[in-house]
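Heads up, the chain below is alone and in the form predicted alone; it's given as structure tokens.
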């Protein structure tokens, strides 16, 4: 057989096997027997092994996985992979609908979909072939798990039809009930511990380092959202229909709604019917149908304004309270945790539950040995929701919140207006010190590899670590003799510590663990003050002037720098070489033409996206705000401007300008 004929035969087998995969795993309608399928696969494997020059990374033979262990690379999402805002309240669904009404001031539709209980994935296709599969990660970047994704037979490696040249499709990888039960039967027969639930098992399976092992897991995938520059339609509903034609597994359980009543009808139906599905769902997702309208609605710092998820109420368990432990976190907050008689709840065995704070315990009137009702808040963290008073034993001892820290013995404090009690011994209370170090080295902060909680505990116990600054004075020879380390691990840790010195100022500021200063707030403070020295000298009034910085955050920043011990740690970190000011590129603005001016943007624009306009404003020294107030200088009005904002701007006599007017202001 000539090379041309062999190439043709291989391509024919690939197409045939892809079609059989689609029929079996997507349509649930097999066309041939397993024996015939295996015969075709064996033939293709033989031909490909004999002709390695005809290798194709998207061949059906690649679904079997490899025995080679890999380390996942971090990949930045082209489009941020934000999570949705959650609600358990139908009233908040109505509020969401009404917000969209006010923002758009024109007809719109809502697509209601099932919220699958699995792990999110983003798949990128180029010229009809799968090129990348990336997990959500932190929303900005995730793990490249392409080799593992290729083992999931319901995910097409090659598309058919009139697909765009490049696009991303997002979905949820999950394990069906039948497959999960089979996995646990095998583990039970082998005398191994059973998997806790399908969601965690699916997530863990996707992160296995050996793709051949992933291929043995019964993973499946529903796809539910398209992103790209050349999508077939301007509405989400039609794009899902087209994606189905290209070969993707798209659920048929979604509905186009035009009113809250239609939305609630869908929610109520699936709240009951979900128990009959062959996989887990934990709620319903609502999305504005028009992509143009989605773009105009935009995003908050964490969530899209054009979508929300309604989560079904959690299942409840009934069990006995045995005792209460008190745990101390890195901020000093003391959290009570209930120890329970084991109870089955939402697919897992629950032995512990959150009690939140002292007020929560008082409100429950909780006593030891009470029979209690437990549910999973957000289907994740178990919590006690009610006490069965009728079953309480005579002379049962009331649960009382402790008065002193269980770790260091310091008397606890409670600030006015705060729900939690705190241990004020920040500098020497062990869980606080270790917790701050764990936060400091975390991926979103300094990203220091090789130092997990156990290693930090070890280094703290041998007095190598007293605070985060000590990380930069550790020598490999101090680590090598320690248990579980050795020379290779020690040198890798030191190398990662040294590498962290190049981490940018906003992340260093976040890593310091200032109370209420999360990732987003740290970025805003870094951009506003440019350096740690200027931030340290900032007054309450100067801090509050920064967009989204209120008195609580400002007060916490001032309190942090007022502590001499915190300033000493920063000085040590400076001497170690950490970045405590923005680089020239980070701090650069194109001009100060818009300095001290506040802008609100509304509508859609011809020359720039809303995000691009915001960037232009900030690059030229201006500030963006989401709502109009007496402090607003300009309303930048585009097409289909929100009537509420327009009316408020006119009432307050705010200057209304067009996109071209703005460009003239910055001399573009």
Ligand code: IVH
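Residue numbers count along the first chain shown, from 1. Predicted model, so just to flag it, every value in this text is computed and none were measured.
Absent from the display: the form predicted in complex with the named molecule. The rest refers to it.
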If the cut-off is 4.5 angstroms on heavy atoms, which of these, 333, 277, 474, 84, is the one near the named molecule in the model of the complex?
84
Tell me, out of 114, 100, 543, 263, which residue has a non-hydrogen atom within 4.5 angstroms of the named molecule in the model of the complex.
114
Given 499-507, 414-422, 116-124, 513-521, the stretch touching the named molecule in the model of the complex at heavy atoms within 4.5 Å is 116-124
Interface membership of residue 172, the named molecule in the model of the complex, 4.5 Å heavy atom rule:
yes
Just to confirm, residue 285 within 4.5 Å of the named molecule in the model of the complex by heavy atoms?
yes
Using the partner position in the model of the complex, report whether residue 306 sits within 4.5 Å of the named molecule, counting heavy atoms only.
yes
Quick one: does residue 136 come within 4.5 Å of the named molecule in the model of the complex, counting heavy atoms only?
yes
What residues in 221-250 sit within 4.5 Å of the named molecule in the model of the complex, counting heavy atoms only?
224, 225
